[in-house]
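Two forms, one protein chain; structure tokens for each follow separately as structure 1 and structure 2.
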Structure 1
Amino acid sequence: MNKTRTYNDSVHTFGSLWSVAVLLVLMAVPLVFCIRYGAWPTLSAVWTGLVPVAVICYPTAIIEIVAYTPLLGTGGMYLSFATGNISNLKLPCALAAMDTAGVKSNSEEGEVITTIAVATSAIVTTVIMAVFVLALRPFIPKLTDPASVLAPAFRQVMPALFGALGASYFSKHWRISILPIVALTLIVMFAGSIGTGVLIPIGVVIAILGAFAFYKLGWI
């Protein structure tokens, strides 16, 4: 008996194919350079350079998949991990889109909204932003120069983005937000070198556990 394919089945099929294609393209870039210039690194050199990065990035990658997938949805997940810049751009766009549309994650509406939001974000990043970068190329060095009066503003882009996005959620669910805010503040105070890619999944886990505990205690 033939099983009727669902939307998620199709997304998983095409998402897997495109993920493999993206991986092959990424691996092809260093391979082409090695073939073109005859510069093949030794296994020991690759291992020496890979280990320090893998220790941090591999666990972070696993945590991001677990933490981000419920928020991004199936289509948004494949698009985000194929195009990158998830915590800085794709995830905020998906959350803002769901909030604006008044839909929840893990719903059919949420799946559609997050997929459209992530796809739009990817298009803006690769096409429209490229046009503006080329147009502003003569002025960018002056604007981002450490001596520029605008330099402090460029250093606060990410805090401003996440602060504005988080404020709307904190105001709506302030009880749930108390525990992750306090926990992440303490982590940053005593381990300020931890990157955003690690802090966000930690905050997600703390928020989920805190919300479950508050629910059981009858506080929410």
Structure 2
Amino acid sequence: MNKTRTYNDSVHTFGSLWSVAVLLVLMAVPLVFCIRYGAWPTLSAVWTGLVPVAVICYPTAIIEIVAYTPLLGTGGMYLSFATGNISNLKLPCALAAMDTAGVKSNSEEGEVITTIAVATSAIVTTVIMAVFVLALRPFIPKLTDPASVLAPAFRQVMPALFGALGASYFSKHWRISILPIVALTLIVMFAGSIGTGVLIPIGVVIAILGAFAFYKLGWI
């Protein structure tokens, strides 16, 4: 137990240091650009562009941090939020890895598996992006062009990814699954343009409340 605490503490320390370092590097990009070209935008221009996005992004970021904490583990959290693409990549990747390894998210082994999965996924994503952007740039528009033969495959990445990922959960926990799927489908039917970022926390709350109620009723 003591060993794990030491490991966890160390992950927290390094995680915090890396987060601050990444933040500084990120801020340096626009700063260095402005210095080099002497192109300083006015505060009001930055503010006007930032507000409509921030009012959605900031609350979503806080909700995501709270919602993903029990699932991603300490190392997984620091890494996921530094490298991004969490709900569409890092989180499903970590959960699939735990499922295959047969470990639980709140265990010492779960902490190890989620960190390995998120780190590997981050490295692969970074490398794939670098390779495609640098070497294959002339070909990408042809692949992803709406008229390309492969375009339907790219448009259907999400149903394919979450169908494959959800299959084992749905079959194992079908009683818990019905309520959030039906509820969210109804919500989407009435609010067709609702963003996935808003829909996810609603789904998580509905599913947890439903599972708790079913447990109390003795259905699961």
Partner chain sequence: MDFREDSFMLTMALIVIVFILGQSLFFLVKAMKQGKKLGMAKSTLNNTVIQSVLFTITPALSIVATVIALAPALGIILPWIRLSVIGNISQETSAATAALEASGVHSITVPVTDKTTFATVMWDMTLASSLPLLILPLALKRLQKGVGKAVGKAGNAKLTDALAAAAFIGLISAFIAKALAGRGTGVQAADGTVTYNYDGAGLMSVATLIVAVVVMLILSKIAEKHNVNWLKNFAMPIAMFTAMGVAVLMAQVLPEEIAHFEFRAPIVS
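Note that the structure is a prediction, hence the values are computed from the model and not measured. For residue numbers, the reference is structure 1: its sequence is counted from 1. C-alpha atoms forming the largest set that superposes within 1.5 Å between two forms make up the rigid core.
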Practice task
Look at both copies of the chain and name the one that is the form predicted on its own.
Solution key: 1
Problem - Large Cα move at Ala101 between structures 1 and 2, threshold 2 Å, rigid core - result: no
Practice task
Give the C-alpha shift of Met129 between structures 1 and 2, in Å, after superposing the two forms on their rigid core.
Solution key: 5.3
